[in-house]
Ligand code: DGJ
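Presented below, as structure tokens, is a lone chain in the form predicted on its own.
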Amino acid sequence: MVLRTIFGIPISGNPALIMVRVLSGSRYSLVVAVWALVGCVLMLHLYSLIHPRERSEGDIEFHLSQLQLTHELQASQDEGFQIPPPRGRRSPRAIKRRPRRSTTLIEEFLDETSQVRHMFFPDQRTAIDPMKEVGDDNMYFSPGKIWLDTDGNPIQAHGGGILYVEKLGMYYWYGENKNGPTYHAHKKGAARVDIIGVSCYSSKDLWTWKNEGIVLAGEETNVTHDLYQLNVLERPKVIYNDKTGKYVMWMHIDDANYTKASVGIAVSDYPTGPFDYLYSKQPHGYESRDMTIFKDDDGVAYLIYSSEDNSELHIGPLTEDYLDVTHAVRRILVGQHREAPALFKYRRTYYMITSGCTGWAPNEAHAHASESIMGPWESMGNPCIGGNKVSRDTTFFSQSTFVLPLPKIPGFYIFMADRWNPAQLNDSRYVWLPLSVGGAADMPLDYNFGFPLWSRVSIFWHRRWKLPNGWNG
């Protein structure tokens, strides 16, 4: 018998048959090795999501020290709503002929004569007044209640966003001033208020806001001007350009029939204005309605806007001076009919909250994520936690407008939303809630073997909450 060794293994028999068996076994081993390697890569990726490599030992210690502070932010509250029985008496014969249908919570929300309207729009007696609140009520956010500025007037900054100016240690809140009568431009037109302008408020603690006035005013006489009072100005956002030293405002500009579908640009030397209006355009040649802007860590800014009859979102970088878009553009969330984008970043991942398209009526928010701001973007489901099912499915009866980072608490943000009051738009309210990034996503992608590629985004419902001590250093 002739003994041979192949790959260090002693064997005997016909050499040709031996080589066939060895090679077949090698192919099988190769397949096993490849799949084992794929499994290792997936496990390493999952581990990196839970334990990001860029965290230093100091970061971990700081994060652990914040757990006690953030526990209250993460705790959500369940809330039950009781719908009153239908009003008015009906005869037994009428009831048999056509039983009266019970109303839904959304119908009650939209009904200005509803008996439970105070649940959605509490009256002046419960208003948040930072100049009077003392003791246990101090520094507490109360979503849906009237929020007064330091002059004692309701804050008018709807559809807005916040800019933090580090050298001044000041937050600036910009938004639509809707302090005028609500009416309909025509029979089938949406509820509206004439353009008054963009308001600005300043604060060091995010709770006490000083009115800095109208920083971009509407036009009362020039009917050809984009800001003519009968037109539409919505969702103003401001970012600072480090190269030019200018504060740049972008906004949605439209006519009363929403056919202009453009963005408008204004600029100022100061965060409190006045802002000089420059021009409007349809970015990249597409219609643009609900929009926002986002400044990345490298100083590059981006425009994100709803387009194609709100059936999709478009995203593209701005020019270096932030006064125009470049030619680059990407269509995202195509066919999903999302609007009201609010974009933020956690570590190396981009996240976005959007709403559905139901006019002034509230609907379900979706969270989205991407490793690149230009996409592809994927949906991760409804981020709302707490309340009841109806409130979660309506984003707590509000619509997203902005997500504000809390730099000293990694992974925590303030979700800013508007609770629109279409019967009286100047009485629309603000819903600010804690938002966190962490845990497994609700909707993992089909191609990732069931593992979530990104952490879950969670918006926690609270009737009353406050930021933890030390949130701003």
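All residue numbers refer to positions in the sequence shown, first residue = 1. What you see is a predicted model; the values in this text were computed from it and never measured.
The following text describes the form predicted together with this ligand, which does not appear among the structures shown.
Relative to this ligand in the predicted complex, residues F294, P405 and S436 are all farther than 4.5 Å at every heavy atom. Contact between Q399 and this ligand in the predicted complex is found at the 4.5 Å heavy atom cutoff. Although the partner is absent here, V390 is not a contact residue: none of its heavy atoms lies within 4.5 angstroms of this ligand in the predicted complex. In the predicted complex, none of the heavy atoms of H368 sits within 4.5 Å of a heavy atom of this ligand. The shortest heavy atom separation between E234 and this ligand in the predicted complex is within 4.5 Å. Comparing 209-217, 356-364, 164-172, 119-127 against this ligand in the predicted complex, the single stretch with non-hydrogen atoms within 4.5 angstroms of it is 356-364. Of the residues D149, D226, E378, E339, just one reaches this ligand in the predicted complex with a heavy atom at 4.5 Å or closer; this is E339.
Residue-level contacts in the predicted complex: of I196, A190, L323, I239, one residue has a heavy atom within 4.5 Å of this ligand, and it is A190. Shown here without this ligand, the chain has only D290 in 278-313 lying with a heavy atom within 4.5 Å of that partner in the predicted complex.
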